[in-house]
Each structure stands twice: as structure tokens, then as C-alpha cells.
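Here we start with a single chain on its own, the form predicted on its own, put down as C-alpha cells.
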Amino acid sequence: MPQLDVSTFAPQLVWLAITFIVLYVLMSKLGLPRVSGIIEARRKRLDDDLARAAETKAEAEAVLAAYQKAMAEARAQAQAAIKERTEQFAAEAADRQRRLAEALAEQTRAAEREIGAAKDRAFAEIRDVAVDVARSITEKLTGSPADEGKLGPAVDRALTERAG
């Protein structure tokens, strides 16, 4: 093999050095700058993506905070509306109850007036019946007609004593 021949080592080493230097220059001037540019572009794109992600996250957190605030306000408004309606219904119920109580009180007073009138009529009828019975008994017992002037006051006194 010619590579292992000692007499050809010097030219091989020269060509090895020349090839190494040419490849080194080509790589350092052409290959490595391109690779560095690609790596830098990827790093920049990654940083931009991370920055956009951070901005999006901040926006999402702001939207979430606004949503939670809106929900809290909506809950507060709903509670206020419920409280207002409850108070309104309670006031309406109290008003209806008051009107019903007034109507029942008026009906009770009217019924008491009717009962009083009926009682007065009954007492008047009882008085007339009592006067007729007293006249009848007096006539049967005495055989003579009874004195109307004395029968009326006597029955009135007797009814007053019974009622009192």
C-alpha cells in the first residue's frame, strides 16, 4: 500500500495539511456562518414565540379577571334583584294581609251590627209576646181585661232584670 510507504509520508503530510487548511477555511467562512445564522434565527424565533406566549397568557389572565369581575357583578346584581323582589313581594303580601284584615274587620262590624239589630228585634218581639202573654194570663186569672199602662212597664222591668 502506498500510504504506508515511508518515503511518501512527507508529500502526504503536505497534502494533508493543505487539504485540512482549505477545508478549515471553507468551513469557517461558508459552513459555520450559515449554521450560526440558522441557530440564531431559530433562537430568535423561539424567543419571539415565548414572548408572544407570555403576552397571550397575560391577555388570557386579563380576560379571565374581567370575566370573574363581570360574574361577581352579575351575582351581586342578581342578589340585589332577588332581595328587591323579595321585599316587594313581602310588602305586597303585607298590604294584601292588611286589606284583608280591614275587610274582615268591616265584615265583623257589619255582622255585629246585624246581630245587634236582630237581638233588638228579638227583644222587641219578645216584649210584645211577653205583654200578650201577661195580658192573657191576667185576664184568665182575674177574669177582667188587663191594664195596658201597667203591663208594658212591668214587662220592661222584668226583661231588664233578666238581661242585666
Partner chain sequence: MALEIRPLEQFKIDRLIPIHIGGVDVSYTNAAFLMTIAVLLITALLVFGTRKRALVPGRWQSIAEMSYEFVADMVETNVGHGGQEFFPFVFTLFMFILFANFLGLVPYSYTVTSQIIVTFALAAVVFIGVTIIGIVRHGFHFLRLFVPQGVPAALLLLLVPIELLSYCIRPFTLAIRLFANMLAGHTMLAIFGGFAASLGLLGIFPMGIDILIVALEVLVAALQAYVFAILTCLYLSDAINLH
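Take the two forms, superpose them, and find the largest set of C-alpha atoms that agree within 1.5 Å; that set is the rigid core. Positions refer to the first chain, counted from 1. Bear in mind the structure is a predicted one, so any value in this text is a computation, not a measurement.
Another form exists, predicted in complex with its partner chain; not displayed. Remarks below refer to it.
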query	finding
In the predicted bound form, the one of 28, 107, 56, 136 near its partner chain [non-hydrogen atom within 4.5 angstroms]	28
4.5 Å heavy atom contact, residue 103 to its partner chain in the predicted bound form	no
Residue 97, heavy atom within 4.5 angstroms of its partner chain in the predicted bound form	no
Residue 68, heavy atom within 4.5 angstroms of its partner chain in the predicted bound form	no
Partner proximity in the predicted bound form: residue 10 to its partner chain, non-hydrogen atom cutoff 4.5 Å	yes
22, 39 and 42 each touching its partner chain in the predicted bound form (heavy atom, 4.5 Å)	yes
Interface stretch in the predicted bound form with its partner chain - options 113 to 121, 127 to 135, 42 to 50, 60 to 68, non-hydrogen atom within 4.5 Å	42 to 50
Residue 45 C-alpha relocation of at least 2 Å between this form and the one not shown, rigid core basis	yes
Is_shifted residue 10 between this form and the one not shown (CA, 2 Å cut-off, rigid core)	yes
